[in-house]
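In structure tokens, the next block holds one chain alone, the form predicted on its own.
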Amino acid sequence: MAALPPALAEVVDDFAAVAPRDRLQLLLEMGQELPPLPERFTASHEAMEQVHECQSPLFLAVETEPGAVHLFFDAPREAPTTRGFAGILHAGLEGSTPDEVLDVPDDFYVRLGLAELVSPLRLRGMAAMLARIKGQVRAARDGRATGASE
């Protein structure tokens, strides 16, 4: 298995350390820890990309600087599972290098042990978030415009 960025590996370890019945609670707590959007994203989602595969409205933005990726998510509070997935990705990937983000296995979420607790459709939403993050990181690396919301 490919190595995960240290912070994402720590999140995976946290999920592995709790009983399966407690993983859903941990997921919800990750959603509560999702930081608020910076003001530049709160007025409009035009600078963000919607992840249509998520069951609840989820928008994300990726900013890169040399050696670090910064992630921003907007998910409604009444969608705690979606917020939890965003919280996992934020906690695990914020500040990682572009190469670390691009090297995360597309199916890393399997290591969280959530398959028996949430539907495959919801897990695909998390995979779609990661795919969009990687797409924006690649676009920034290649000097292309990012995929803001249409």
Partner chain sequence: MPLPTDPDAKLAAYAHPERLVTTAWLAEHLSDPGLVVVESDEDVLLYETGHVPGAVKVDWHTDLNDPVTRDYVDAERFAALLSEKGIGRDTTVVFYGDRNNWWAAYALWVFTLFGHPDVRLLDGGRAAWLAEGRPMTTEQTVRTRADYPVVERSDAPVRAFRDDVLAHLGRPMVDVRSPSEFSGETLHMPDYPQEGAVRGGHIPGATNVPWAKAAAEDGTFRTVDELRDLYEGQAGLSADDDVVVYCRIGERSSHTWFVLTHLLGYEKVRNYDGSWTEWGNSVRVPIEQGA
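Positions refer to the first chain, counted from 1. Because the structure is a prediction, the values reported are computed rather than measured.
Missing here is the form predicted together with the partner chain; even so, the following discussion is about that form.
Undergrad: State the residue from Glu116, Asp107, Glu65, Glu39 whose non-hydrogen atoms include one within 4.5 Å of the partner chain in the predicted bound form.
TA: Residue within 4.5 Å of the partner: Glu116.
Undergrad: Among the candidate residues Leu112, Cys54, Met48, Ala91, which is the single one with a non-hydrogen atom no more than 4.5 Å from the partner chain in the predicted bound form?
TA: Flagged contact: Cys54.
Undergrad: Of 65-73, 99-107, 40-48, 121-129, which is the one stretch near the partner chain in the predicted bound form, taking non-hydrogen atoms within 4.5 angstroms as near?
TA: In the other structure, the partner sits against 121-129.
Undergrad: Look up in the predicted bound form whether Ala140 has a non-hydrogen atom within 4.5 angstroms of the partner chain, and give yes or no.
TA: Flag for Ala140 set to no.
Undergrad: At the 4.5 Å heavy atom threshold, is Leu27 in contact with the partner chain in the predicted bound form?
TA: Taking the distances in the predicted bound form, the answer for Leu27 is yes, it comes within 4.5 Å of the partner chain.
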